[in-house]
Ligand SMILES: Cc1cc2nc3c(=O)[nH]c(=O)nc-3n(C[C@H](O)[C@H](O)[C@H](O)COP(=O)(O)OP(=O)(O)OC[C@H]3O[C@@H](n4cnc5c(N)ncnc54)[C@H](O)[C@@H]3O)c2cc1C
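Have a look below at one chain only, the form predicted on its own, in structure tokens format.
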């Protein structure tokens, strides 16, 4: 008897491979549509990058801590889950930028003393999109890039716009550089984009990271006016929102909802092969370790599921590996693994930070060689609910380390002790005060490997090609950030739309 014939088999009406947020949402949509659903997750944890951890007695977000409000996708889901009243918005202090060169007057601390070295920390303009200014000649823009660069950026307002601007693919960097010049790109856009997407703007598809921007440039005749129009058309309030208690509550609510609906949640099992048959698909499964790697054994399948309706909700490379069993042509559309991120959370006792001297956080320009972090989030300054939980004098700082260069990669991949020491030094530099181990009440390091997929130039064309191939396979779909784009807003909207269409 062959191994395939001897493998235990079970018939399930619907299965979702992958237990990140997209997988949880897909399973919920299928359950609502009337399917009996089995969800398969290779690790021992559900939710992917929307997870929590405890540091110094505080339950904090270990991954995503906010979501974009450019659409109502996330808010609608939270309403459905009974969390709508817990949506909160960040404090109005805004973010700052730390760079090696500042063109405006030196900024000082609240006590009148010096801020960061050489006055290199300054507030970021708050009237832009992804760092692109809506008013290139605004005082806060000129303070960061200088008068000459601001005048070059303002030339965008008089520069003709060809209707062909929307043709073909274009990177965000190419659009900004052509319209406003390199100074705006390097000093304003790159720090914001690297903080959000862990990628170079020259690699990112503008239509994915800034939907509608190119069309708005053509419509309004300039990049600055397009930014202003998109901001004014956005929903009222902040460009981002979060949940009281942390975004981790979204995962908790989804899991509780799935359990209430009778969805079978299986952790520690990995889908290793996929085969089509007359009535659906056969998914071969093997047990896996807590980190998702296949466990010890002879390498053969532990069991197999006969599935009528299948959704693959893994990361891009894993999805192509699995779906490639059905159609090898998918291999040419394999996405890059994406940037890994290391997050260091520090809970410190420093009453001097009660006044949020650097706003809600600090982004780091590429030219700042004395800081390894790409961004610092002052979480207790950003979220009022967290400040209330922490209490006066206690502050939560989260520093992000990504692989934007070989040097940055070495730091991001360093051991926990090295990352902790680096984060403590970086936080002191970025916030303009002394910080020592005696000030630290607790700390933790969380790592996400390949967590942020690159929406590289031509992303939409590649997604269309992948989904065009999958149209030949009925009752099968693929969802996740590698297709929708990075961020909860994109993932939630795309996953609900795909699974609802397919389930109807």
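Numbering follows the first chain given and starts at 1. What you see is a predicted model, and the numbers here were worked out from it, not measured in a lab.
Heads up, the form predicted in complex with the named molecule isn't pictured, but that's what we're talking about next.
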**Item:** Option from 435-443, 457-465, 58-66, 30-38 whose residues, in the predicted bound form, bring a heavy atom within 4.5 Å of the named molecule
**Value:** 58-66
**residue 448: touches the named molecule in the predicted bound form, heavy atom cutoff 4.5 angstroms** = yes
**Prompt:** With a 4.5 Å heavy atom cut-off, would you call residue 226 a contact of the named molecule in the predicted bound form?
**Reply:** no
**Message:** Can you work out whether residue 318 and the named molecule are in contact in the predicted bound form, taking contact to mean some heavy atom pair no more than 4.5 Å apart?
**Reply:** yes
**Prompt:** Though only this chain appears here, would residue 270 touch the named molecule in the predicted bound form if you measure heavy atom gaps against 4.5 Å?
**Reply:** yes
**Complete:** Of 313, 144, 153, 176, the only residue with a heavy atom within 4.5 Å of the named molecule in the predicted bound form is 313
**Request:** Given the named molecule in the predicted bound form, answer whether the residues 52, 243 and 363 all have a heavy atom inside 4.5 Å of it.
**Result:** no
**Fill in**
Of the residues spanning 12-51, the ones with some heavy atom within 4.5 Å of the named molecule in the predicted bound form are 17, 18, 19, 20, 21, 22, 23, 40, 41, 42, 43, 47, 48, 49, 50
